[in-house]
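Starting off, we have a lone chain in the form predicted on its own, written out as structure tokens.
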Amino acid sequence: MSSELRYTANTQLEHLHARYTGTGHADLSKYEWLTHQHRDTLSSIVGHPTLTSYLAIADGEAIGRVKFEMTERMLQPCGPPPKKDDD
């Protein structure tokens, strides 16, 4: 019975990772996790018109300009990736 539960738990976890990219795993670095969080936030702002218009009013910009800037920020939301140490 224990092996069946382990199999179902792994299957469910793999299904979640396939369905929701960015949910994380054991080898995920801090930079990658932060990048996923920032991209999720930016895409949520662009995807919800009320949030986009709120930011546009707060910044005094056009809604299209705010959407464009948020979409551009999704490329590298946390700056360039850190250098990896290959030992």
Partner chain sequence: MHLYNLTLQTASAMPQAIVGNFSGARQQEIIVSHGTRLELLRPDSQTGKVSTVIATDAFGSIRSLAAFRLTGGTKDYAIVGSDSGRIVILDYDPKTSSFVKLHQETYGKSGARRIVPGQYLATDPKGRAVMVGAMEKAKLVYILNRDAAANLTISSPLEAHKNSAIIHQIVGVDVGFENPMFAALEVDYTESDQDPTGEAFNNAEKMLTYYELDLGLNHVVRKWSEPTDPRANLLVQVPGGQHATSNQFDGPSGVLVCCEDHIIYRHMDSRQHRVPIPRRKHPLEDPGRGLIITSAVMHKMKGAFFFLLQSEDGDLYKVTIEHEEEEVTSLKIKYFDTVPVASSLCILKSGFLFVASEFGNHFLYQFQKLGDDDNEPEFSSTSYPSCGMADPSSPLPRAYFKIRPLENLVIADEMESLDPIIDSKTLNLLPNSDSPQIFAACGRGARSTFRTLRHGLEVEESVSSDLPGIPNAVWTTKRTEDDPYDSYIILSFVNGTLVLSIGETIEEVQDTGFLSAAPTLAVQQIGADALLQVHPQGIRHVLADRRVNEWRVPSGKTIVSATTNKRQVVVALSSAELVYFELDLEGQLNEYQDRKAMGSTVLALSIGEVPEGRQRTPYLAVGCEDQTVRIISLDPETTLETISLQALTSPPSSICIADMLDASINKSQPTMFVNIGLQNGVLLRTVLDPIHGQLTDTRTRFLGTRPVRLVRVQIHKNPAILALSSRSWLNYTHQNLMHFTPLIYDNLDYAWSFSAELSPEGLIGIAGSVLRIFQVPKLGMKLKQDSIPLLYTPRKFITHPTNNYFYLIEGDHRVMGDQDATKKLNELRKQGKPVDEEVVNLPAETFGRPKAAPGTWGSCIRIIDPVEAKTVNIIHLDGNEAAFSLAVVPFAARNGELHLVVGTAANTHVSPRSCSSGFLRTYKFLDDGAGLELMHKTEVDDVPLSLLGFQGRLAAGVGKALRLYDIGKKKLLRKVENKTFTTAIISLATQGSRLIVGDMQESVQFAVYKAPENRLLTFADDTQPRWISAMTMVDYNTIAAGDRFGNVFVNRLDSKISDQVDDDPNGAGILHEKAHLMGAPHKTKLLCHFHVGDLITSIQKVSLVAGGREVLLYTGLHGTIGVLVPFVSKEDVDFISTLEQHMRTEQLSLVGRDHLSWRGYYAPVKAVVDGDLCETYATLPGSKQQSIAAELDRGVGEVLKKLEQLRVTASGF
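Positions refer to the first chain, counted from 1. This one's a predicted model, so the numbers in the text were calculated from it and none came from an experiment.
What comes next is about the form predicted in complex with the partner chain, which is not displayed.
None of the heavy atoms of Leu13 is located within 4.5 Å of the partner chain in the predicted complex. Put simply, Leu28 is far from the partner chain in the predicted complex: not one heavy atom of it is within 4.5 Å. Counting a residue when any of its non-hydrogen atoms is within 4.5 Å of the partner chain in the predicted complex, the hits in 41-69 run Ser43, Ser44, Val46, Gly47, His48, Pro49, Thr50, Leu51, Ser53, Tyr54, Ala56, Ile57, Ala58, Asp59, Gly60, Glu61, Ala62, Ile63, Gly64, Arg65, Phe68, Glu69.
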